[in-house]
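Below sits a lone chain in structure tokens, taken as the form predicted on its own.
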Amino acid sequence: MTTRTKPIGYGIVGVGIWGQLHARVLADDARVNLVAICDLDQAKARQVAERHGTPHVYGSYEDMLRDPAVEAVSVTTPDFAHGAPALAAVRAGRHLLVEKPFTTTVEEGLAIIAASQQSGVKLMVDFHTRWSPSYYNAWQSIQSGELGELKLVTFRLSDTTYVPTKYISWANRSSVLWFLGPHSIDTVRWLFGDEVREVYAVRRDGVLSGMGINTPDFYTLLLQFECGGVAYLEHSWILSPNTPNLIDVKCQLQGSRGTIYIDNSHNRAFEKYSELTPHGYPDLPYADTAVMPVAQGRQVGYAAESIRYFIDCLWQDTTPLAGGIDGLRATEVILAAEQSAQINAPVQVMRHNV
């Protein structure tokens, strides 16, 4: 194992909500030199760059990738816009951390994996749930045999209507399945240590389309794994905006020797009720204490830890967890789920050789 001594020159493509999280984490890491910010909205890019003392701002990822100071890249563009900048980054010999979904087509995923292997760069998909203490403890319980053989996982990961109507501006070009599904699919694959064989999905429309947003209201997925495990997933974008948290995350694991319950959103670790605080994001009664909270001016939470882990891999020259193949497998399951929901029947998941 080789340890670097010189900070890693880093660039970010896309500075929306999650891109700004990457910027906060990376700018605070002494092992990183955040040298470039790229966004189609150059005014926003300049604001983020000024906030973090980043010297270079670009309006296109092609221009940014010509900067020899950029050694590694985070791609944090909207769901549908990961493929082109991710492929360009690895073809240019840059290490890549890409947000979920890895890609929205199999062809793009295969091309990125092949190009990263040819260039010899590190590739990681930011499936940050693997860094959640709750889910990691569950994984350890499975690995140690304490839970016995994992039989059934029920996973709810849903958002209030605030997300598709106000939190993101591009819900019409995505869906709750692409927005949230990659996290849950990767998590259950990781917990089972197995691949999804078949998916039966149901979707419903109407609430969001009535608001002028042409995207499904929710999906439910029943996944059957190769070795017999079963997972039930729920992803909705129509939770009431009056709920005390922006998201609802619940998970139940049933094993042959025990059961685990996880609640990362409504565990009441923190509640706030005040006449001075309007009920609405980000001032909700149940504050985020797990995913991306800030403490003492520092970005903490497991969404930050996965980014720091990627820097660990670059610094120590190790292979990241949650690589391109993991991203590709989640994409394959989602594509099968979309087909299943369309034909109202189970669909076999087509896995591609890499």
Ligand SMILES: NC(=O)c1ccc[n+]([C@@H]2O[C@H](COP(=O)([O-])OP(=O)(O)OC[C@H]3O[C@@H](n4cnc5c(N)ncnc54)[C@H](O)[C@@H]3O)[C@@H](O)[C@H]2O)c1
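Numbering starts at 1 and runs along the sequence shown. Quantities reported herein were computed from a predicted structural model and do not represent experimental measurements.
Keep in mind that the form predicted in complex with the named molecule is missing from the display, and what follows is about it.
Across the proposed site, Gly14, Ile17 and Asp39 without exception bring a heavy atom within 4.5 Å of the named molecule in the model of the complex. Proximity to the named molecule in the model of the complex, taken as a non-hydrogen atom within 4.5 angstroms, holds for one residue of Asp217, Asp79, Glu71, Glu234, which is Asp79. With the partner omitted here, the residue from Arg329, Lys44, His56, Arg308 that has a non-hydrogen atom within 4.5 angstroms of the named molecule in the model of the complex is Lys44. Judged by heavy atoms within 4.5 Å of the named molecule in the model of the complex, the contact stretch among the candidates 175 to 183, 258 to 266, 110 to 118, 188 to 196 is 175 to 183. Shown alone here, Trp170 lies within 4.5 Å of the named molecule in the model of the complex, counting heavy atoms only. Among heavy atoms of His128, some come within 4.5 Å of the named molecule in the model of the complex. For Lys100, a non-hydrogen atom is located within 4.5 Å of the named molecule in the model of the complex, even though that partner is not displayed. Counting a residue when any of its non-hydrogen atoms is within 4.5 Å of the named molecule in the model of the complex, the one hit in 50 to 65 is Tyr61.
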